[in-house]
Every structure is written in C-alpha cells, then in structure tokens.
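Shown here is one chain on its own, the form predicted on its own, set out as structure tokens.
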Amino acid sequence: MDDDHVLEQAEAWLAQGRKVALATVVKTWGSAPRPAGSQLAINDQGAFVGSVSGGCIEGAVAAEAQQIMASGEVVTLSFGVSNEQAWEVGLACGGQIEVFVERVG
C-alpha cells in the first residue's frame, strides 16, 4: 500500500470517530527495509495500514502508538542491531531505523 493510501485510510478512520496515530520513517542506516518517508497509520482498535519496516517492527510501533493516542505525546523510536528491542521485534537485517510517531486529528 503506498503512502497516499495510508493517509486516506487515516482520514477515513478519523471521519469514523476513531483515534489515529501516524508513524513515519525519519532516518535509516545500513540495510533498512523501508526508506525514509515510509508511513504506517494505526487506529485505536489496533488496525493498521502501511509499513515502516516490511513487517519487522510494525507490532512494536503499533503498541507504542496506542500509548501515544492516549497521551498525545510525540515519540521518535529507534530500532537497530545494537538495540535489544530490535532483536525482540525482528529487525536483524543489519540496519537501523528511526520512526516518528504522532497522534493525528
């Protein structure tokens, strides 16, 4: 799904009264699976569209997004081979990635 469709789905969820968070890849190093600018939209029911890592860290980003929707904070998450959490979520491809997550709407 391209990023235009991610934003369209986020708008649709907002129109339905759902809370929504948007995650955007802001920086990559090494063999990161998705380029900077890639996006993932998550709603307050746990549904998500798009991709920030080709499946490696989406679950961890979606879980963090639930907290962000509740608090309204913005967070930059970092994942990489030197980060224990990255191994837990499966980013063992040798790259590193930073993902900015914010509540929208």
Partner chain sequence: MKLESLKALTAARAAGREIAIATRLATGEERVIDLTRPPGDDLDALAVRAAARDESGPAEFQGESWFINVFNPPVALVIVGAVHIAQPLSRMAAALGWRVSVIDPRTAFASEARFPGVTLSHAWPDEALAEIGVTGRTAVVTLTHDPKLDDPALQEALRSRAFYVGALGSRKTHAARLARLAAAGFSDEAVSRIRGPVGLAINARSPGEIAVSILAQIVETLRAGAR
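Small disclaimer: the values here were computed from a predicted structure and weren't measured. Residue numbers count along the first chain shown, from 1.
A second form of this protein, the form predicted together with its partner chain, is not displayed here; the remarks below concern that form.
Engineer: Would you check, heavy atoms only and a 4.5 Å threshold, whether residue 46 touches its partner chain in the predicted complex?
Structural biologist: It does not: once its partner chain is placed as it appears in the predicted complex, residue 46 has no heavy atom within 4.5 Å of it.
Engineer: Hey, in the predicted complex, does residue 36 get a heavy atom within 4.5 angstroms of its partner chain?
Structural biologist: Judged by the heavy-atom cut-off of 4.5 Å, residue 36 is in contact with its partner chain in the predicted complex.
Engineer: Taking any heavy atom pair closer than or equal to 4.5 Å as contact, tell me whether residue 24 reaches its partner chain in the predicted complex.
Structural biologist: Within the cut-off, so yes.
Engineer: Using a 4.5 angstroms cut-off on non-hydrogen atoms, would residue 63 count as touching its partner chain in the predicted complex?
Structural biologist: Result no; residue 63 lies far from its partner chain in the predicted complex.
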